[in-house]
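Before any questions on binding or motion, here is one chain by itself as structure tokens, the form predicted alone.
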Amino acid sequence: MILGSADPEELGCTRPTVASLPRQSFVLDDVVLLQAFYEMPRTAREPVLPPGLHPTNPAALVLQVWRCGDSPWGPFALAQARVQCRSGLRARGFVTGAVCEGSDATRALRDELGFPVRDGRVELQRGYDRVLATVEVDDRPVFELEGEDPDPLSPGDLQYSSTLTLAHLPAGLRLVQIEPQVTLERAERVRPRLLGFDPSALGEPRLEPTTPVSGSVATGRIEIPPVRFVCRPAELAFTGTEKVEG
């Protein structure tokens, strides 16, 4: 059985504190969502995940960029680096780092949902022949991702793995299971091309996108329901899952 080998306490040194998980849903409207799926070196497969998670084979890194025209925190844009994994039998994306443009959204994502997010500039431009995401922190580039040659897809052909963040809760350090419900109106396949990438700015210097696997851009709506479960990061989901009491 392949398990993550990172020390949870070391991972937790830079993770946010969440005093209380939200009990209401957050609805994000007028969303453009760009996703690129890359293989990454096998040597980074276990060291970037805590022992409570199973790495995928091959090791995979997903870059996601959201541009949200309307939300409880106003318009914002979010870029995430997610290591693909499983928690028990379920596919997940473990967030190593994120950048958000929109100070109210940054605070909510960090303080209520445990995203390891920093303020920065996140720009997502969509044209008829390509989509381009540019992410910066303190005027320094984090990554630039291009999706070329859009090809129409049925919205039902796209699926996104649920999200795991790592945060300090009143009960201790926990993996927070966030399960966005994405309703798409339009979807296109794109060829991803990474023009620049700084893994340290996304929380993990061992992240190294290698072979591009797939890319997509879509428009629609995202609903983030209340968190139902958290997990102990050093224990497998079958025994380490805890229900969040309402």
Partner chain sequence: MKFGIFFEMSTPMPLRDGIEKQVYDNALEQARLADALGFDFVWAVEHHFLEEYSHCSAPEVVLTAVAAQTEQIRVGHGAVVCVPEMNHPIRVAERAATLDLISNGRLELGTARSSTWTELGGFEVDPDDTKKTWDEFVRVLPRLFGPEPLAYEGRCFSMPERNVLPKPLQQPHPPLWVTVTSPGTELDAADRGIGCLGVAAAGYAEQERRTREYHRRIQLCDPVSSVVNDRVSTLNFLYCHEDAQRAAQTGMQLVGTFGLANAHLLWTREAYPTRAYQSLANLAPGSGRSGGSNPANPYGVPEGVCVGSPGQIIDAIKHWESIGIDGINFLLNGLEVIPQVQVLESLRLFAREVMPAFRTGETRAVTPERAGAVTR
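Keep in mind the model is a prediction, meaning the values are calculated, not measured. Numbering follows the first chain given and starts at 1.
Separately, the form predicted together with the partner chain exists; it is not shown, and the next lines address it.
- Annotated contacts: C68, R107 and D119 are all free of the partner chain in the model of the complex [non-hydrogen atom within 4.5 angstroms].
- Residues placing heavy atoms within 4.5 Å of the partner chain in the model of the complex fall in a single listed stretch, namely 41-49, out of 198-206, 41-49, 175-183, 25-33.
- The partner chain in the model of the complex comes within 4.5 Å of no heavy atom belonging to T219.
- Contact check for T163: no non-hydrogen atom falls within 4.5 Å of the partner chain in the model of the complex.
- Contact check for R189: a non-hydrogen atom falls within 4.5 Å of the partner chain in the model of the complex.
- For T210, no non-hydrogen atom is located within 4.5 Å of the partner chain in the model of the complex, even though that partner is not displayed.
- Applying a 4.5 Å heavy atom cutoff to the partner chain in the model of the complex picks out F238 as the lone residue from 224-243.
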